[in-house]
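Below, in C-alpha cells: the form predicted alone, a single chain.
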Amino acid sequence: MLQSRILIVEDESIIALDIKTSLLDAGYEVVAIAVSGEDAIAFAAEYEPDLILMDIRLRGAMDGIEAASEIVKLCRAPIIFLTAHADKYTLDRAKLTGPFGYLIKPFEDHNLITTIEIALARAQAEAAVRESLRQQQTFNEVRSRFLAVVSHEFRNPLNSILFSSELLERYGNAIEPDRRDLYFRRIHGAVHRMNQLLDDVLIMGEADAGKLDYKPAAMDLKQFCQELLSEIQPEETPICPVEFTYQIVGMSTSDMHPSLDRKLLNHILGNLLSNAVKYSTPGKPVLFQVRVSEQEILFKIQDQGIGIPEADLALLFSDFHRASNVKAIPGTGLGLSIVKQCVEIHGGTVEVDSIENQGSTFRVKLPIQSIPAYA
C-alpha cells in the first residue's frame, strides 16, 4: 500500500521536526518542510502532496491562511491547520479556505494522526464523488452525441427509402427502367447504411462491455483483401481507383498463412478503405499496401482527400468524433474508434499522418502469428 505523502508547513524547526518524527513513525512520508507561505505554495506545486499540515502563524508577510487560499487553486490536497489561536476571527478566516481539520497547539500525536486519517478518508470520498460525476457527465455527453448521430443518420436513409418506394408504388411500370433501377439502388444503399450504423453501434457496445470476441485463425490474407475491395468498390463503377499491392518479406508463401481475426480485420480495413474513398476527390487514386514480414503485418492506406485538421488529430479515434472539415459528408464518427478497438485487441497499433486538403495516411501494424494453412 502506498504511503500518504504529507507537506509540513511550520516555521518553528523543533516543532516541525517533532511532527515529522511522529508522521514517519505512523508510516507517512514527509515530502518537505516549509517555513513560509511562499515556500508552502512552491512545495505544494512541486510535490503535489496528499495532505498539508499548515501552521497559521508563519514567517514573512503571508500567513498560513493566505497560503492555503493560493494552494487550493493549485491542487486538491486537504489542508489541516495547526495553530495556538482559537479566536473567532482566525476561525472565520480559516473556514473560508475549506480546511479538512483544525488542531489547537499543543496536541497529542494520536489526535494528529486521527485528524489526518479522517481528512485523507474524506478527501478520497470527495475524489470518488467527483470522478463519479465526471463519468456521469461524460456518459451524458456521449449519449447526447449518440442520439444526435443516430437520429440524423437514420433519418436520411429512411427518407430516401420512403421517397423512392412511394415513387415506385405511385408510377409503377410507367417509370423508365433506368430510373426504376436508380430508385432500387437508392433503397438498397439506404438499407446498407442503416445496417452499417446498427453494426457499428453493436460493435462499440461489445467493445465497451469487454465482450468483443477475438478468434484468430489462419487465413489467405491476400484473397481476403481482394474480396474486401470488391465489396467496397465494384469494379464497374469505381469512385476512386484503389491501387492494391501485397508483399511478403522473409517468409514462405506456400505453406504459411497469418493468423488473424477475420471479423475484426474486416472492421479495421473496411472502415479505413471506406473513409479513404469517401473523403477523396472522385477519380483520385487510393493506395492500399500490405507488407507481411516474420514479425508483423503492415497495412498502409493513403488517400489524396480532404485531410484532417491538426486540431482534430488528438480526438480522431474518440467515439462520435468527426473532423471539423467533413461538412455534409455522411458519417457517424464511430468508424475510427472501432478501428482502434479492433487493432488493440490484436495487440497492434494504428497511426495517422494527415495534412488538411492534401490527404491522409493510416498505418496499422499487427503482430504476426503464422499457422500452417492446411493444419
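Just so we're clear, the structure is a prediction, and the values are computed from it rather than from any experiment. In case it trips you up, residue 1 is the first one in the sequence shown, and so on.
The form predicted in complex with a small molecule exists for this protein as well; it is not shown, and the discussion that follows is about that form.
Although the partner is absent from this view, R322 contacts the small molecule in the model of the complex, with a non-hydrogen atom inside 4.5 angstroms. In the model of the complex, Y102 stays away from the small molecule, with no heavy atom inside 4.5 Å. Although the partner is absent from this view, I306 contacts the small molecule in the model of the complex, with a non-hydrogen atom inside 4.5 angstroms. At least one heavy atom of V326 is located within 4.5 Å of the small molecule in the model of the complex. Site annotation in the model of the complex: the residue of Q233, N275, T83, S160 reaching within 4.5 Å of the small molecule with a heavy atom is N275. Residue-level contacts in the model of the complex: of A68, A34, L336, L58, one residue has a heavy atom within 4.5 Å of the small molecule, and it is L336. Just one listed stretch, out of 277-285, 223-231, 187-195, 165-173, contacts the small molecule in the model of the complex at the 4.5 Å heavy atom level, and that stretch is 277-285.
No residue in the set Y47, P78 and I116 has a non-hydrogen atom no more than 4.5 Å from the small molecule in the model of the complex.
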